[in-house]
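The form predicted on its own is given below as one chain in structure tokens.
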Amino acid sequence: MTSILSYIQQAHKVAIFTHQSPDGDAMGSSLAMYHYIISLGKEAQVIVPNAFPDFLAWMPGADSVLLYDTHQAQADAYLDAADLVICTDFNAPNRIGALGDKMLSLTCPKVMIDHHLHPSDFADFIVSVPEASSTCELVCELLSTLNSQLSIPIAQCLYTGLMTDTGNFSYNSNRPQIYPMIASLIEAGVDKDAIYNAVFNQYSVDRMKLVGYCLYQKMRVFPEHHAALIYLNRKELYRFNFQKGDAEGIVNMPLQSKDIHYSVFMREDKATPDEMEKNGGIKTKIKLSFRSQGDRPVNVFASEVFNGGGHTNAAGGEYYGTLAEAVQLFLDNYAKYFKA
């Protein structure tokens, strides 16, 4: 990973990208790199395709992040002068929407740091470790290799990504090396309990009601394959005053049952203009989350049926069309991928 340092040393103005609808690992890894680069006396800017959840707004540096869908002109002006792009927590340009087209037009070097399967070769230097728990794990390892002092902001960002991408260390977290990392982050000044509270205990009453509705009214169980499916249309989301981030964690809840080993959550959303253009004018996008336990993969199902991917027990996907079509696609295929 020390080769990344040569790119950073030669750069003066660095742009840092992460994926659409950024989660804790996306924001944590990008903001940790941001704080590291500005500590070197260089200019840095995190640019994300669209808004991140409110429960991540407390993160150090989050108030400086540019949203490409609302501040494109300002972001493009910065990018036209940038001499390095660092891509965190995504493995292909299409994961960043319209920002991907802009990125590919840039002539400056590009570095990718990611933990998802099947990385594309758009970057000049690639760090890809699919078995890693999170991209924050890789950034933490990188900064340790570079003998970088972990400031409290960097440590807070890294801990957030490690915590959220493992469901508070309940999956994808058997790699022993992450636990010395956690110790080093606490030694650097992280209050792990405060971060947990900031991320997981800041939901609205409407969100709590939404969770109850999902579990009581919307959860379908398929006992012969130990699977559960929850799906919500836009009308239902509107009923509960849905805000970005309110769906976080719902997919994990069916797994609390001893008889459910697979869980899938679908949510109807509007396609962006860029997505509509790329998908024949279809106005509706279905966002999917997949979770499982043990040696029961969900990433293959996500990849082969829903144009997604991820890790063995945690993956995502998307479908352009109606919610009813996406549900039917699940019903037609789940038995092929879920162990009975």
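Residues carry their position along the shown sequence, with the first being 1. Remember, it's a predicted structure, so these values are computed and weren't measured experimentally.
Note that the form predicted together with a small molecule isn't included here; everything after this is about it.
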Partner-facing stretch of 50-58, 63-71, 305-313, 36-44, counted where any non-hydrogen atom is within 4.5 angstroms of the small molecule in the predicted bound form: 305-313
Any chance residue 110 has a heavy atom within 4.5 Å of the small molecule in the predicted bound form? no
Just to confirm, residue 207 within 4.5 Å of the small molecule in the predicted bound form by heavy atoms? no
Does residue 192 make contact with the small molecule in the predicted bound form, using a 4.5 Å heavy atom cut-off? no
Evaluate residue 95 for contact with the small molecule in the predicted bound form, applying a 4.5 angstroms cut-off between non-hydrogen atoms, and reply yes or no. yes
Would you confirm whether the three residues 116, 287 and 317 all fall within 4.5 Å of the small molecule in the predicted bound form, going by non-hydrogen atoms? yes
